[in-house]
Ligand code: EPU
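One chain comes next, on its own, written as structure tokens: the form predicted alone.
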Amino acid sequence: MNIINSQSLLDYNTFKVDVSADLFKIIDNEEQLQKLLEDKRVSKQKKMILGGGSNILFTKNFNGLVIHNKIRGIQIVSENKENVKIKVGAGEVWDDLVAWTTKHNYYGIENLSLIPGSVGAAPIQNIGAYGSELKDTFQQLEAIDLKTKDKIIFNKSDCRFGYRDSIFKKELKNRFIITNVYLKLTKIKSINLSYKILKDNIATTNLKSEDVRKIIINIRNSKLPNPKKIGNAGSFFKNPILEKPQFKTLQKKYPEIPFFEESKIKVPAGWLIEKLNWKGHQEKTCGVYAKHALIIINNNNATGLEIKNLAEKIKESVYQKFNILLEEEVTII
């Protein structure tokens, strides 16, 4: 079992923070994983699962074992005239999966195009964009319990999906490694234009899923930095969800505030941050992206602590001005 000692994680996190792991192992299949977990050298080590590293901020070295999941494969499990159920290895690149589904004219995840990260990380975060979320097409997943080594199947209700949230971010954090994810997609044309920006950019619903994907990629590229060129982890904060009385009070003071109304009111965190002139703000090593206030960037070899400190300043200013406590979407280690 080839376990690497003192592995740099610089190339394994999109923030491009230079930290290291005491122990590091890439796994390509479940057999390798089982052998790794049975290895006496790692049985008592603290463990962390790392996929694409696109939703994590390292503020220090990791004193334990980092397991880098590279389990691949996309296969059709079942299908009929209307739907198709697919099984996807957790180590697949998420956007590669979206490209595969749209190439085959399947509908359901095209609005999630260009989201960085791995398929295994998608249910942990319940990734979402432009009116779609992972849970909309999710069927079940397979995972290995790092303590018992047992394979467990989680159905949708077991995952307790919430807004950018799941049971794997809370009670079961770092307890399981996801090996396969099952999605149910439709063969029937179904275009989700619930977000205004899509309505503004798509003049007709007479489009294939691949066409929608291209449009969303263009929209994202126009306002989001490429993590291969600028260190970032996408949206740093969640959009706050407010009770209606709190929102009404805020709306009286700021009538122009945008919002999305469901059972509660969702307010764009980017609007709050931009209102306080953080957009484009630059410090010595990091800053806020000039085209999108929700994106914190590493522009000069920043440490994780420097990025975290900037995020704390933003949180504090939003709280002082709007009485809203922003919650991080990024996992801070």
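One-based numbering along the sequence shown. All values reported here derive from a predicted model rather than from experimental measurement.
What comes next is about the form predicted in complex with this ligand, which is not displayed.
Contact check for G234: a heavy atom falls within 4.5 Å of this ligand in the predicted complex. At the 4.5 Å threshold, heavy atoms of Y163 reach this ligand in the predicted complex.
This ligand is not drawn, but in the predicted complex it has no heavy atom within 4.5 Å of T101. Although the partner is absent from this view, K223 contacts this ligand in the predicted complex, with a non-hydrogen atom inside 4.5 angstroms.
Taken together, the three residues D11, V17 and K60 lack any non-hydrogen atom within 4.5 angstroms of this ligand in the predicted complex.
Look at 244 to 252, 163 to 171, 206 to 214, 148 to 156: in the predicted complex, residues with non-hydrogen atoms within 4.5 angstroms of this ligand sit in 163 to 171.
With contact defined as any non-hydrogen atom lying within 4.5 angstroms of this ligand in the predicted complex, the contacting residues in 129 to 153 are A129, Y130, given in sequence order.
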